[in-house]
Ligand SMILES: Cc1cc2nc3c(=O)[nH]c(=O)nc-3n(C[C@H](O)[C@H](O)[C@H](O)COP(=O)(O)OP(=O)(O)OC[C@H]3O[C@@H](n4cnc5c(N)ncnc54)[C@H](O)[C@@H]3O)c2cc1C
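Here you get one chain, nothing else, as structure tokens; it is the form predicted on its own.
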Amino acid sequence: MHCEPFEYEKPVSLREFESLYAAKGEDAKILAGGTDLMVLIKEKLLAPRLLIDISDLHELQGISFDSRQGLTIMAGTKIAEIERSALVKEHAPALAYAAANLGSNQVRWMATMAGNICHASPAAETPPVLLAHDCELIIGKQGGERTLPISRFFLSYRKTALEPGEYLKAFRLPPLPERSAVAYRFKGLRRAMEIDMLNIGAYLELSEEGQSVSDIRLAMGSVGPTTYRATATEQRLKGMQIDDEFFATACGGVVQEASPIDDVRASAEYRNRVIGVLTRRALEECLEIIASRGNKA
């Protein structure tokens, strides 16, 4: 691999990392797993003067759950750990499923979800699920941190809301209410390691009587310059009875709100057809999950 020369630092504490990152500014890039970053450097799309390796910082590792705050995943946690975590499988099984379909086993043991998010590819696997969960991001910098809904994180193609000196510190997924579920569906060319042609994350919450929609979120990937929610369709679906009209409105709505392009993986026409199909399958899965919980009660 030929690339421009750069310096390498490996801080031993979060405080040392934040100080170094703040001092170096735009000359520095964060190395967590490197599965996206090193490709961009190799292809000369990036030429950082300094790589700051945070892969072993224990302050940025781990998964925990709190009944009030929900599921917290630190940014340095590997995708493979998310895939296998008992806490994730219990409280966010769609995220565990999405993680399991990200790259190869070797990639998942190197990559982090923070890298998958900050790379800001519209075809990334985890953003639709995180948007469906209404995930809150904890963004750190030297001397403090702030929180940001993930719905405000993706600004445009490969551009995020991170400001100079800021880094993604953690993900917080709120507890799922009763009568709610999240599902993830995707379409690829074949059952192999590849980038998704399109994907969707769906959140469905039923009303108390269980026959109508209390809340819904539909997050689409690979049908626009960013991963985003079909907010107009969501508004139309709230309060609807769960019937054929509901599914027709949901599937037709996401097609209307999608703006895909032709590329080497699929045509815009194909993506428009399939995104509606995936939406119905994801919502049907949500209903099955909710029903299965009711049967166990």
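Position 1 is the first residue in the sequence shown; the rest follow in order. Keep in mind the model is a prediction, meaning the values are calculated, not measured.
One more form of this protein exists, namely the form predicted together with the named molecule; it is left out here, but the text below deals with it.
From the list 22-30, 230-238, 265-273, 247-255, the contact stretch for the named molecule in the model of the complex under a 4.5 Å heavy atom rule is 22-30. In summary, among the residues 174, 103, 93, 225, the only one with a non-hydrogen atom within 4.5 Å of the named molecule in the model of the complex is 103.
Residue-level contacts in the model of the complex: of 135, 181, 168, 213, one residue has a heavy atom within 4.5 Å of the named molecule, and it is 168. Interface residue remark: residue 118 is counted as part of the site for the named molecule in the model of the complex, having a heavy atom within 4.5 Å. Contact check for residue 37: a heavy atom falls within 4.5 Å of the named molecule in the model of the complex. Not displayed here, the named molecule is kept clear of residue 41 by more than 4.5 Å at the level of heavy atoms in the model of the complex. Interface membership of residue 75, defined by any non-hydrogen atom within 4.5 Å of the named molecule in the model of the complex, is confirmed. The single residue of 45-64 lying near the named molecule in the model of the complex is 54, the criterion being any heavy atom within 4.5 Å.
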